[in-house]
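Let us start with two forms of the same protein chain, each given on its own as structure tokens and named structure 1 and structure 2.
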Structure 1
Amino acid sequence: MQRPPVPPLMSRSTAALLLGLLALVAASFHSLSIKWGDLFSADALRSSAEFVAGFVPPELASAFLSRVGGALLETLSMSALSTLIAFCAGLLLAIPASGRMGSSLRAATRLLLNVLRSIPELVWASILLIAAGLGPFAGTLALAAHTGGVLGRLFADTLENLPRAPEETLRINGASPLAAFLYAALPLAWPQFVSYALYRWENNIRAAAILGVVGAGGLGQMLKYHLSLFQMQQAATVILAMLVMVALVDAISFWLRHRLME
């Protein structure tokens, strides 16, 4: 009996794409002129060790820890509020961006989402600091603007990939477009929406800490201040607070996503 032919591992187009990516990686190494020898030289290792030794021991005075705790809560508030604003804005923009309100409105909304998410948080913060002044308000708006563009695009793609049969069944039976969306499409997409929002909250925790470098408040602003004065022990405490905060939020977000998928 003749054996069936063995299917190829990959198509020619996939193989060509992989070869192109490998060529791009090789060209990147060549164009960046990475000097691994200088990175691991004796002088570099000694200088790095001396710099890291300046962070030990971290500052643990009660007054300073109280200030760090206030900055930590400010960073958490910035990330949570910005994610909530972005979630609401992304959900509203995702409906026209998914094509449910016409092709022309879809293209315009997609363009707006691309603009929002293409501008980095630091650039948004620099722009909004001029309008809103220094402090966490500008940082919150900057995170919300960028995250709104990201979530809006993810939500729109989710809505486009949903099966249309439940929604069309309700429409055939006399339901309005809004009712069909709320009772058929939204319940199917809601777990994915919440999962995306929790993941972006994790990202905004880290981004909120970085935005403080440009004066947007929180732990990042404290870190910039103490590093600029070469107060390494105080900076070490701020860095440890960032690590604890990120680990805690990651654990909470993972638990919530796990419960949601169950």
Structure 2
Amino acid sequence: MQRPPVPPLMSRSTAALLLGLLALVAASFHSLSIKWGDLFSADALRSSAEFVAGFVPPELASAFLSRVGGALLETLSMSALSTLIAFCAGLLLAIPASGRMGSSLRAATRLLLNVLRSIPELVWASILLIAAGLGPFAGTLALAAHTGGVLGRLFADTLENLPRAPEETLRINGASPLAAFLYAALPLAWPQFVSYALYRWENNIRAAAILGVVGAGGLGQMLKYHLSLFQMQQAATVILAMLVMVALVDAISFWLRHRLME
């Protein structure tokens, strides 16, 4: 009777990859020296239980609720306004970034967009605090900076992938480059742009909620404030407000997308 062949070994690169991953995980845990003992000691458990128990009942006094409401509106305004600014800035930057003004300008704008994009909102916020001072204005600018990078990149990619013919035709017929862009390229790309912007807005609402942690206004600032004073019940209300806001936005955008798909 013929015997089965030996199973082929795992390829060397796969084995190396797996080993590398394991080593990374092991090294991570080792170097962080997390004190598991402290975390799960009776003492720690008791103090965390106390901490959690401090949250109930959430503060529901109407004066406080109206302040939370104000912060909520501030958060929403920050997200909406920053998305609007980012939309305009992204549009302006996308034109050179899509190569319509020469390849060297394309490379330079793309670099700028990448830098804008890869620095998170929160880092932007803490840098902009120096120029714009504490408060929602810095937060709005921070969100706009990051989102402008993201949208600019997406817009530029969209513009580059557009069919060339409509724009070329206008150019051949003697229209100026700007006119050709406005009359041929923009109408084609517009719906895509709007849908990207809406998607980013949804993202920005979440981001705006936490930006305040570094002092840039909105719900986050209230949360940080009450937590640092150990006013847990007020903090609980703020967290609940954040959860409700995020859930609402999710539901609305889900509903909108469902409507659009039909």
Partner chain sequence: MIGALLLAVLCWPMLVYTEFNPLTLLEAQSLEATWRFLSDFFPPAHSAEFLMMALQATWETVAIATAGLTLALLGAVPLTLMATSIVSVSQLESGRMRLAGRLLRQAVRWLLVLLRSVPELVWALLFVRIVGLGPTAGVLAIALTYCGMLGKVYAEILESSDGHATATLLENGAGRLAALCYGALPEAAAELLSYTTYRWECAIRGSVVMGFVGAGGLGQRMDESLKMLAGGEVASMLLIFVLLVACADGISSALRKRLG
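Rigid core (definition): largest C-alpha set, two forms, superposition within 1.5 Å. It should be emphasised that the depicted structure is a prediction, and the values quoted were computed from it without experimental measurement. Numbers given to residues start at 1 and step along the sequence of structure 1.
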For the form predicted on its own, pick structure 1
If I superpose the two forms on their rigid core, does the C-alpha of Ser195 end up displaced by 2 Å or more between the two structures?
no
Quick check: Ala207 between the two structures - does its CA shift reach 2 Å or more after fitting the rigid core?
no
Just checking, between the two structures and with the core aligned, does Arg67 shift 2 Å or more at the CA?
no
If I align on the rigid core, how far apart are the two C-alpha positions of Val52 between the two structures? Answer in Å.
5.3
